[in-house]
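The chain that follows stands alone, in the form predicted alone, written as structure tokens.
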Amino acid sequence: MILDVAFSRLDPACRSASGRAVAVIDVIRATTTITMALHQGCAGVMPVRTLSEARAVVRKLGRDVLLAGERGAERAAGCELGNSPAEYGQERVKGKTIVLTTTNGTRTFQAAAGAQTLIACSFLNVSAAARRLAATGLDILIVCAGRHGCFCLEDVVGSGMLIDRVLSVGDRPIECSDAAGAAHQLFATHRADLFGMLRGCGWGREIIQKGFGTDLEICAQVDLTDIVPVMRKGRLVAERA
């Protein structure tokens, strides 16, 4: 089994997604929010690229659908929800389908086109995600959302944590690429203080400045749930691992 990491959705490593088990990671905040929404009982999350696409999907689906969108950390105009995991309480989302568009995270799912298995991973479900990936028996690619196509510390640390978990549960030899090895080492550097890492990284500092600092407390929680968001016919649905 080969384990590789793409440091952003524009990384050439994404070209190898076809036929692999792929995990998308956007720790601050999209995959954390998606995991939280499914943990709280939403029917599914449809990640889309643009606001116009999101609105068109909502019109098509009709009932029991929520429009969620974020640009520059703020809730996008006309949306019922933003990209803060704190907004996705059970009373708000249970039984609803959420159509979500974010600046970076939701676009990353398109970068993994052709994946045989496609999941969302965050700190909230990292151990369950590792079990789900390992169980496929496929080569694994972890795709970091990054920011505007660039490296983000928190996503690479998240991928390193996922690698650490996969290595601990896998029952077959695993060969890590150089990128995977680097991510694993970066996680080892920060594993003792993940919340401090989130507060100190570039996007984390901006999130705090924009008034969403409490979101980082949610993003930093490890193994809150055994829910794994798995892509099925264009929407992420909850499966347990």
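Here the structure is a predicted model, which means the values were calculated and not measured. Start at 1 and count along the sequence shown; that's the residue number.
Keep in mind that the form predicted together with a further copy of the same chain is missing from the display, and what follows is about it.
Student: For this chain shown on its own, do 12, 189 and 202 all sit within 4.5 Å of a further copy of the same chain in the model of the complex, going by heavy atoms?
Tutor: Yes.
Student: Ok, 126, 152, 119, 163: which has a heavy atom sitting within 4.5 Å of a further copy of the same chain in the model of the complex?
Tutor: None of the other options qualify; the answer is 152.
Student: Identify, from the list 57, 65, 207, 179, the residue with a heavy atom within 4.5 Å of a further copy of the same chain in the model of the complex.
Tutor: Looking at the other structure, the residue within range turns out to be 179.
Student: Can any non-hydrogen atom of residue 185 be found within 4.5 angstroms of a further copy of the same chain in the model of the complex?
Tutor: Because a heavy atom of residue 185 falls inside 4.5 Å of a further copy of the same chain in the model of the complex, the answer is yes.
Student: From the candidate stretches 171-179, 208-216, 66-74, 39-47, select the single one in contact with a further copy of the same chain in the model of the complex, where contact means a heavy atom within 4.5 Å.
Tutor: Looking at the partner contacts, the answer comes out as 171-179.
Student: Quick one: which residues from 42-68 get a non-hydrogen atom within 4.5 Å of a further copy of the same chain in the model of the complex?
Tutor: Counting only heavy atoms within 4.5 Å of a further copy of the same chain in the model of the complex, no residue of 42-68 makes contact.
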